[in-house]
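One protein chain, two forms: both are listed below as C-alpha cells, the first as structure 1 and the second as structure 2.
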Structure 1
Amino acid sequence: MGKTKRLPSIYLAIVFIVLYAPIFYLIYYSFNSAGTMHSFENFTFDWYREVFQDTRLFIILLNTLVIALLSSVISTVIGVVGAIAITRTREKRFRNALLTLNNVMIVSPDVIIGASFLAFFVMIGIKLGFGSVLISHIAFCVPIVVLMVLPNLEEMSPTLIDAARDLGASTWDVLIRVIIPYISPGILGGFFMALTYSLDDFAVTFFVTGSGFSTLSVEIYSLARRGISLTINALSTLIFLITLFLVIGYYIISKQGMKLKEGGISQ
C-alpha cells in the first residue's frame, strides 16, 4: 500500500523538478561572477547592475511594456465588441463562420501569422517598426479576448437587456451599464491573457519588427544566438518575478470575481 502511494508522488515530483529546474538554473547562475553557466565561482550582483545600467535594454523594456499595454487595451475593446457581435448573430451558419475565423487566428502557428503579416504590411506600405508590431499584437490578441468574453455573454439572460430597454435605456446605456458590468470577469480575463500573449510573443514580432525597433523577446533571441551572456540570466530572474506577481494577481482577482458572481448574480 505504502509503495503504490509513493510512486505517484515521485512521478509528480519528477515532473515538477524537470519543469522548474531550467528556470532555477538560470536564476542560480545569474549570480555567478565567472560569467558562465557552469562552475559557479563567486556570488555577485554584477549582471543585475549591468541590466539596470544598460539604457538600450531599458528602452527595449519600455517598448515591450508600451506595446503590451496598448495592444491589450485596444484588443480588449475590439474583442468585447466582437464577442457581442457574435452573440447577436442569430443566423447559425454565419455565426459559426465567425467563430471559425476567430479560431483560425488562435491555432495558426506563429510563423504563419508573422510571415503573412509581414507580407501584408509590405503590400499596404506600413513601415516596419513600432506601428507594425503594435498592429500585429492587437490583431493576434483579439480572438483570445473574444473567447474569454463569449461564455460570460452567452450565460447572460436576454431579459436583462429587454428590461433595461423597457426602462428607457439607450443602446449605449445598455452596453455601458448592463452588458459591460455583467461580463467584467471575462473582460478582465481577456485583458490579462492579451497582456501575457503580447509580453510573451516572439515569433510574430520577429517577423514584423524591421531593424530599428526591438522588444524584449527579440532582444533575448539575438543575444542568445550569440551565446551565453549572464545579463540574460539576470533579466530572466526579473522576468520570472514579474510573471509570478502577475499570475498571483490574476489568480486573486479571478477568485474574487468568482466569489462576487457566486454571491451576487447566482439564481
Structure 2
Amino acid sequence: MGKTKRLPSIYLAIVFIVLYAPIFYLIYYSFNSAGTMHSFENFTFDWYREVFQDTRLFIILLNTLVIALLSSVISTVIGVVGAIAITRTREKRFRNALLTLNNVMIVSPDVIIGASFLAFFVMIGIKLGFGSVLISHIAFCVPIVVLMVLPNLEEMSPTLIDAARDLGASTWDVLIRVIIPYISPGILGGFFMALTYSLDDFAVTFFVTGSGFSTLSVEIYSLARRGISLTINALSTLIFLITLFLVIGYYIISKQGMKLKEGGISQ
C-alpha cells in the first residue's frame, strides 16, 4: 500500500527531472570559463559581463520588456471586458460561440498564428516592426486573460451586484467597486500569464518582426544559428530567472487574494 502511494510522487519527480535537467545543464555551463559545453574548467561571470556590455542586446532587452508590458496591460483590459461580456450573454449558443472563438487562438499552433498575422499585415500594408509585434502579442494574450478571469466572474454571486444597485450604485460604481475587486486575483493572474507568454514567445514574433527590430527570443535563435556561444547560456539563464520570479510573484499574489477572499466570506 505504501509503495502504491509513493508511485505518484516518484512519477512527478521523474517528470520534473526530465523537464528541468536541460535547463540546469544550460545554467551550469553558463559559468564555464572554457567556453564549451563539454568540460567545465573554471567558474566565471565573463559570459554574463558580455551580455550586459553588449549595447545591442540591451536595446533588444528593452524592446522585449516594453512589448511584454504594453501587450500585457492592453490585453488585460480587453480580456476583462471580454470576460464580463461573455458572462453577461444570456443566449447559451452565442456564449458558447464566443468561448470557442476565444479558444481558437490558444489551441492554434503558433506557426499558423504567426503566418496568418504576417499575411494580414502585408495585405493591409502595416510595416513589420514594433507595431506588428505588439498587435500580435495582444491578440494571443487576450484569450489567456479571458480564461483566467472567467472562473472568478462565474463564481461571483449576482446578489452582490443587486445589493450594490439597491444601495444606489451606478453601473460604473458596480464595475469599479464590486466586480473589479472581486475578480482581482483572476486579473492579476491573467496579467502575469500574458506577461510570461509575451516574454517567452518566439514563433509568432519570428514571423512579424521586421528589419531593425527584434526581441530576445528571436535574437537567441539568431545567435544559436551562428554557433555555440555561452553568451546564449547566460542570456537564457537570465530569461529563465525573470520568468521564474514572475511565476513566484503570481503565486504569492494569488495566495494572498484567496486568503483575503476567504477572510471576507468568514466575516
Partner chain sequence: MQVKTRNIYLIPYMLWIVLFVIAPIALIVYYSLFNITGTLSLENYTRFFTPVYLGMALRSFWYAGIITGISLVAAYPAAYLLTKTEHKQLWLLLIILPSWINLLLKIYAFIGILGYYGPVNSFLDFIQIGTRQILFTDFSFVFVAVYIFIPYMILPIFNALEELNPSLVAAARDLGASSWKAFLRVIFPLTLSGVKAGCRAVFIPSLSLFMITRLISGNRVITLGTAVEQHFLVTQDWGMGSTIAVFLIIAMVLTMLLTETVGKVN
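Quick caveat: nothing in here was measured; it's all calculated off a predicted structure. Rigid core (definition): largest C-alpha set, two forms, superposition within 1.5 Å. For numbering, take structure 1's sequence and count from 1.
- The second of the two standalone chains is derived from the form predicted alone.
- A movement of the C-alpha atom of residue 53 falling short of 2 angstroms is seen between structures 1 and 2 when the two forms are aligned on their rigid core.
- A displacement of 2 angstroms or greater separates the C-alpha positions of residue 41 between structures 1 and 2, with the rigid core held in common.
- Taking the core as reference, the C-alpha deviation of residue 11 between structures 1 and 2 is 5.5 Å.
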